[in-house]
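Coming up is one lone chain in structure tokens, specifically the form predicted on its own.
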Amino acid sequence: MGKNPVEGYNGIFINPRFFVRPGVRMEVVKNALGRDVPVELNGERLRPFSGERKKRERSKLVPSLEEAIRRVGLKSGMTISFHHQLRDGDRVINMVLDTCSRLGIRDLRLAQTALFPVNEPVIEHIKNGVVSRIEGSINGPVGDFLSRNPEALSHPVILRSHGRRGAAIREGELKIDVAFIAASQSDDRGNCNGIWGDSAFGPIVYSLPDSIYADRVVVVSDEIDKYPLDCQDITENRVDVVAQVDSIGDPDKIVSGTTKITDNPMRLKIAEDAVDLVDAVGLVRDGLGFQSGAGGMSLAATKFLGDRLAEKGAVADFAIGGTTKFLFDIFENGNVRRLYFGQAFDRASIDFARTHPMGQGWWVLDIPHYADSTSKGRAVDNLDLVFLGATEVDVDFNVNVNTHSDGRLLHGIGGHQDTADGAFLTIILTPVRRKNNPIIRDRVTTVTTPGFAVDAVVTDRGMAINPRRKDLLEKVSGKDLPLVSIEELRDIAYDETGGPAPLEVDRTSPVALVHWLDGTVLDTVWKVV
């Protein structure tokens, strides 16, 4: 037994006693209740009960973003994150940055899943030093500004796919200090969702990794309901503070912009030809798993695929969305058995989620499950088919969706890489030219998705199958399809436009780095001269 008292936990003085028996060395002290407990056991340090009881507030609700920011200790130099499911109706990113500016917080790394034109005020926060780095997709004015002024940020923008962003957060490559999660409904403990409330935008899927791995989590909501909330996309065990605001977004602009099916005859023909290719390959059958985007041609392809399934009496096993009315029509008609619900692209998607209890034909598909290539299993690897778009395609089947041909950074990656890499058949739908700009070309301005992940390109002037896919070429041989080589499509585009306009960029000044699914750097976006 020791003779001299030593200071224990919580100011309690305790006498250590040492016990040794064969194979065990133990140091025993009295804890705050006067009980003998080990403080060291075979070299492992243990903590005696100190008598302290952690007091927890029942409510996490605060009346403003400013108070929430103070509570979580947001300081200059930290990393903050947001989801983009409010789309062009978003008010949360702008409100948070405005508040940080008023509080004198600077040098922030912005780690949003995407920016939209509504987030143009971010430009001023870049200029005034509130934002010094961006790691997230950019759509619109902010990307346009940075394309000409990359020196406004301390580092190039990092562009990741949905799946890679989740992996980067989990692996610690993208460390988030404070995650701000917009919710259309929350209780005062932080259980929240995006399906109910006046500002509903669909299930909260993009912020799941943020809620798990961020040091602090703030739920931002304009509707606070009684505890416990019925529908819980994010749960209270991951939330530090709930900030009540007047409005998280404009409901008329949350689901907008890309959800109208094309009525252009040329684009409708591209969509129909794409479904003909799918049919010729033998995928219009029972058991199909597919995903489609929300662009006009992709929506048309989704509708035509549903019609073709109905004609054959076939039932797809599952479909992944970005959900729209056209996908739910296929489900309601009985031609797809299960739906994985990700982002909502129209009001019909939100209405469906409200009227069909989850588990009755549909499940929420969070981002790690959807597309994290470093996980033990991702849903995109089960896809037979995906329809995707492009701003450019080259003769090696590399696809660009990030920049326009003039080099301006105007779009994010989204799930383009993830689905192209996972699907058995990846089809790009695009015209050979847009006005006087050739879309099929020798070399894309920016590589977003490498050619080995792209299987076919369907255009208004024919369709080309990647020569790597000899199995597909064999399946469509002798069938009535407008097959041409990718080089022929390029030649048509060049003949009709005169070829690509000269591109002037400063290759000493990077605007952004495009990451591949494994975190390697795929390409660089350079300053536009």
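None of these values were measured; they are calculated from a predicted model. The first residue of the shown sequence is 1; numbering continues from there.
Separately, the form predicted together with another copy of the chain exists; it is not shown, and the next lines address it.
Identify which of 395, 105, 270, 126 has a heavy atom within 4.5 Å of another copy of the chain in the predicted complex; exactly one of them does. It is 395 that has a heavy atom within 4.5 Å of the partner.
Please tell me which of 303, 433, 189, 408 lies within 4.5 Å of another copy of the chain in the predicted complex, judged by heavy atoms. Result of the distance check: 189.
Would you point out which of 382-390, 97-105, 408-416, 293-301 contains residues with a non-hydrogen atom within 4.5 Å of another copy of the chain in the predicted complex? Stretch with heavy atoms near the partner: 382-390.
Any chance residue 498 has a heavy atom within 4.5 Å of another copy of the chain in the predicted complex? Output for residue 498 is no: heavy atoms all beyond 4.5 Å of another copy of the chain.
Is residue 422 one of the residues lying within 4.5 Å of another copy of the chain in the predicted complex, judged by heavy atom distances? Yes, residue 422 sits close enough to another copy of the chain in the predicted complex that at least one of its heavy atoms falls within 4.5 Å.
I'd like to know if residue 151 sits close to another copy of the chain in the predicted complex, meaning any non-hydrogen atom pair within 4.5 angstroms. Although another copy of the chain is absent here, residue 151 would touch it in the predicted complex, with heavy atoms inside 4.5 Å.
Though only this chain appears here, would residue 34 touch another copy of the chain in the predicted complex if you measure heavy atom gaps against 4.5 Å? Looking in the predicted complex, residue contacts with another copy of the chain include residue 34, since a heavy atom lies within 4.5 Å.
Residues in 220-247 close to another copy of the chain in the predicted complex, defined by a heavy atom within 4.5 Å, in order: Residues within 4.5 Å: 226, 227, 228, 229, 230, 231, 232, 235, 236, 237, 238, 239, 240.
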